[in-house]
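Next up: a single chain in structure tokens, the form predicted alone.
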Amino acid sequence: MSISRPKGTMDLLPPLARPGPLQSQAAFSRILHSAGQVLNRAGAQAIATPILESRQLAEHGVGQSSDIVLKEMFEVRYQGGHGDLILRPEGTASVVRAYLENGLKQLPAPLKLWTSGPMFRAENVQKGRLRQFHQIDYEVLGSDQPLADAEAIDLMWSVVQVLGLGQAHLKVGSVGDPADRERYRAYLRELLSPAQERLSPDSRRRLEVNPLRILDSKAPADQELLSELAPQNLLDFLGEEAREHLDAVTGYLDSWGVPYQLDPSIVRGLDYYQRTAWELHHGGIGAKSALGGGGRYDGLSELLGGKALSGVGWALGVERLLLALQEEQSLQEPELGSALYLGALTEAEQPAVLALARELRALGTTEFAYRPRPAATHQREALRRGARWLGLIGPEERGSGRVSLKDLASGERWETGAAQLAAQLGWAAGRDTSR
């Protein structure tokens, strides 16, 4: 019997397996490392939240009328359980819950937090859309200033610039204040109700609960009706304060030279957003071109039972970034690393090889052969493992306390004293040169 991974999940493989771009653990780690550097340098603090969350968190935070809650949540069934646990579908509500539960309001405000990890949604699997996917989340809690929104957008843009994505583009808009959205909902109900029999079943239900979600619908019937009726966009319904907020955000972006397109059609899919909303797209990855998005969510804390708390943040999909990097051919094949591979030629040299390897591991990546072999066999194995250098100890080297060294990239050979080996490789004391 052959057991396969569940549909909509992905194995990430080590460089030695020569994985495809979307299964490369090295590329995956590069994305997380690059994002972490950008966010850490901006003063963001790392946080981690459980994969398991309460169902109430999603219902109150994401919204009971959302497709996530209605169709896409993974419930966790366990002995004695009652469907009260889920696998988290997104990160923002979890970060805000952790902030409230752990008294992080005592820390200096605004507090910048970032996290990464797997999220879970029971979606139809297709290119760039998995059931277990990974996100990088950045959240700023405790500031209602448009500067916080602009900085968040700038940091998201900085991440894709560090990754070298030249075809990414930003769309910025606003979903207004609650009163603005209520006026817009009333307008949509008035516009769509006479033709509601032409809507998809899901959108007929949304018409009363939250008609803004109809604008996000991918159902052909909904798309056809929206194209025919051509509803006004939400920006036309912004109040004075929301308009001033958006103008301030775009003013900062203009002054910093962050390129963006003002998009009146942006409607966030989660209930907690208000005012600034934005999306990051990459046209090379297909029709579903979003790499991520974000926005302001000043009302989320109260939905979760906390006091009023301003917040703004974003999420980037790691697998979608991998797709974009693949499209731009920016994923590099693994090359020879900085590793040393040590081997003994006879059994008598094996103890010296093991002792030297253990000593050198404090300074750099060092592997050793588990048993003595001929020099040519050791070299083949070192190359297979992606080592940069091959070090051999045979009877002659054992007698003189030396190591025969070969640079596998250039082919250069030389001998050096075992005590001087680290210096010969450029491994300074206390400096980890692991690949």
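Computed from a predicted model, the values in this text were never measured in an experiment. One-based numbering along the sequence shown.
Beyond what is shown, the protein has a form predicted in complex with a small molecule; the following relates to that form.
In the predicted bound form, the small molecule lies farther than 4.5 Å from every heavy atom of residue 322. At least one heavy atom of residue 123 is located within 4.5 Å of the small molecule in the predicted bound form. Taking the partner from the other structure, the small molecule in the predicted bound form has no heavy atom within 4.5 Å of any heavy atom of residue 173.
Contact check for residue 198: no non-hydrogen atom falls within 4.5 Å of the small molecule in the predicted bound form. Screening 96-104, 249-257, 126-134, 175-183 for residues having heavy atoms within 4.5 Å of the small molecule in the predicted bound form returns a single hit, 126-134.
A heavy atom within 4.5 Å of the small molecule in the predicted bound form is found for exactly one of 364, 317, 146, 311: 317. The partner is absent here, but in the predicted bound form a heavy atom of 290, alone among 267, 304, 352, 290, sits within 4.5 Å of the small molecule.
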